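Take a look at this single chain in structure tokens; it is the form predicted alone.
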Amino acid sequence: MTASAEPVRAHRRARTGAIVQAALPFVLLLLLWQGLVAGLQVSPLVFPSLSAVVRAAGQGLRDGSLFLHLGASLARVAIGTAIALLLAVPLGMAMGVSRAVAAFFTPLLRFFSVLAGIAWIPIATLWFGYGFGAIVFVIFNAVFFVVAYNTLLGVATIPVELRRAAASLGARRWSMVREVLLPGALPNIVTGIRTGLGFAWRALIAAEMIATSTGLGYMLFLARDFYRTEVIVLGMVLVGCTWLALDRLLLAPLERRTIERWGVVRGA
């Protein structure tokens, strides 16, 4: 074994150990679930067996309904988040460079940040009806205020000396934003996106139970009417697994790499 290969193997062993450690609680939960349902002979109308949920998943894969509901949910989150980012980041930047803008908008952001998400569902259905528009609006509200406020905080943490140095080197307004303020605020922006998407995902499931005919939330709600507990639990598993995959495979690495690249933490 060469000396250069040893760090690679050590990294692989550490990664495998981390995966096993993360998966172990879920494996134990599945075993406990199957054992309790079988041992106590729980009625399927109260709680389904693991095998019943697996069969429901197989049926959903065969008829394509799982792909339909999951795709609809992800599309709504993507569109609502994209619209929120296009508006929230410029607002946060403007607040960071202008005291007057910050003094006006900061109280509003603090007020609406606690209302973001589920609280907007009733009025969203009144404004946009039951469908795509209402849910995208709810997602937008769940992400917009968090990202805007985090962008403001990110700009505020950039040292004044750094701004003055850039200005003394001839940086104009847009160059200052593009080369100093935006990179400096990026770690906070990415953290805000991760936090906002967590709020948005919960708001999405609640909104889909009320305001649409597709999506994971609607799948849960519809299954309740037919006492299909195996589909309800399957939907719950999909909701949790989808968010876990988004957070661990996309958002967490993005946040970590952004902090290492632009923040005060540097990668080894």
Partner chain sequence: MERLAARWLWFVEHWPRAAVFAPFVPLLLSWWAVAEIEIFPPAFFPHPLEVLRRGVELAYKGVLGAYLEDSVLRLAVGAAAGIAVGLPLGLLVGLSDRAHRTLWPLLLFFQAIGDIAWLPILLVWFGFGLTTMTFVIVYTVMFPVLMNTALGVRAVPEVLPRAALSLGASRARVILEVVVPGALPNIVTGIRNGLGFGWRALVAAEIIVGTSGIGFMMFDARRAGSVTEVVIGLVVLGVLWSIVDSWILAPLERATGERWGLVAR
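Numbering follows the first chain given and starts at 1. Between two forms, the rigid core is defined as the largest C-alpha subset superposing within 1.5 Å. Since the structure is predicted, the reported quantities are computational estimates derived from the model, not experimental observations.
Another form, the form predicted together with its partner chain, is not on view; read the next lines as being about it.
Does any part of L70 reach within 4.5 Å of its partner chain in the predicted bound form? Heavy atoms only, please.
Heavy-atom contact with its partner chain at 4.5 Å: absent for L70.
Could you tell me if P107 has a non-hydrogen atom within 4.5 Å of its partner chain in the predicted bound form?
Yes, P107 lies within 4.5 Å of its partner chain in the predicted bound form.
Is W120 close to its partner chain in the predicted bound form, meaning a heavy atom pair under 4.5 Å apart or at it?
Yes, W120 lies within 4.5 Å of its partner chain in the predicted bound form.
Is R178 near its partner chain? Define near as a heavy atom within 4.5 Å, in the predicted bound form.
No, R178 is distant from the partner.
Using a 4.5 Å heavy atom cut-off, which of 86 to 94, 182 to 190, 152 to 160, 111 to 119 contacts its partner chain in the predicted bound form?
Residues of 111 to 119 come within 4.5 Å of the partner.
Let me know the one among L29, A38, V54, L61 whose heavy atoms come within 4.5 Å of its partner chain in the predicted bound form, would you?
Answer to the contact question: L29.
Taking only heavy atoms into account, state which residues of 123 to 143 are within 4.5 Å of its partner chain in the predicted bound form, ordered by sequence.
Contacts from 123 to 143: I123, T125, L126, W127, Y130.
Determine whether the C-alpha of A23 shifts by 2 Å or more between the shown form and the other one once the rigid core is superposed.
Superposed on the core, A23 moves its C-alpha 2 Å or more between the shown form and the other one.
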